[in-house]
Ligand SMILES: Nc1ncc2ncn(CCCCCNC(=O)c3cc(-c4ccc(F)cc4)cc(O)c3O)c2n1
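Take a look at this one chain, the form predicted on its own, written out in structure tokens.
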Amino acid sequence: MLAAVQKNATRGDPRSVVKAIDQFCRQKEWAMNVGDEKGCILDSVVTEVNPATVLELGTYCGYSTVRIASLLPSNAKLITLEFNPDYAAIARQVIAWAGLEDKVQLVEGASGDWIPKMKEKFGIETFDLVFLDHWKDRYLPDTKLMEECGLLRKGSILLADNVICPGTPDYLEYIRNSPRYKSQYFKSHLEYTKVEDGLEKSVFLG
């Protein structure tokens, strides 16, 4: 995937990086990026929120990081967490090729370890937008952890990928039934396939 980016994408052009990865994944090898179809939903939410502070849980190879960062205002801060050091090494190169390293802080480690340190380490008070795209069994505990740590303010948006395939039933049950959230499902398909999947957008009400 990295080789495809370096061969087919223009350095400093985030959209060409996204396009190169999409083409590679459709034609050569499937990969667990958010993908082009759900990526358009992600783009629309980022544009609507126009966030100054973003947390991405699960960098993988940097595809959604590039999509998000390319839409942020110049003074915005995007922190992306990746547990796997091999993925993080690739993601750093993809983000750099897109020319977005100034907007992105890639942190290696477990979300459960880093979420409580966000205020102290990065000077973040609250996140305007959180994109959940890491281990599905971490969606719910990490959401509760963000609540406990005071990282969500009234109006903060959680956007969760893969809520149908492979699915996050405990997270959906919580987020849809909690009086603290107003939640909406965006039907789509699993990246680069015709299998149903979707994104859950949830507004934190305080």
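The numbering used is simple: start at 1 and walk along the sequence shown. Treat the numbers as computed from the prediction; the structure is a model and nothing was measured.
Note that the form predicted together with the ligand isn't included here; everything after this is about it.
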- request: Using heavy atoms and a 4.5 Å cut-off, decide whether 134, 138 and 165 all contact the ligand in the predicted complex.
  value: yes
- request: Name the residue from 104, 81, 72, 118 that puts a heavy atom within 4.5 Å of the ligand in the predicted complex.
  value: 81
statement: Among 89, 76, 124, 110, just one has a heavy atom within 4.5 Å of the ligand in the predicted complex, namely 110
Contact test in the predicted complex: residue 38 vs the ligand, heavy atoms, 4.5 Å: yes
message: I'd like to know whether residue 174 contacts the ligand in the predicted complex, with contact meaning heavy atoms within 4.5 angstroms.
response: no
query: Does the ligand get within 4.5 angstroms of any non-hydrogen atom of residue 191 in the predicted complex?
result: yes
- prompt: Would residue 52 show up as a contact with the ligand in the predicted complex if we use heavy atoms at 4.5 Å?
  reply: no
query: Among 44-52, 30-38, 148-156, 175-183, which stretch has residues whose heavy atoms lie within 4.5 Å of the ligand in the predicted complex?
result: 30-38
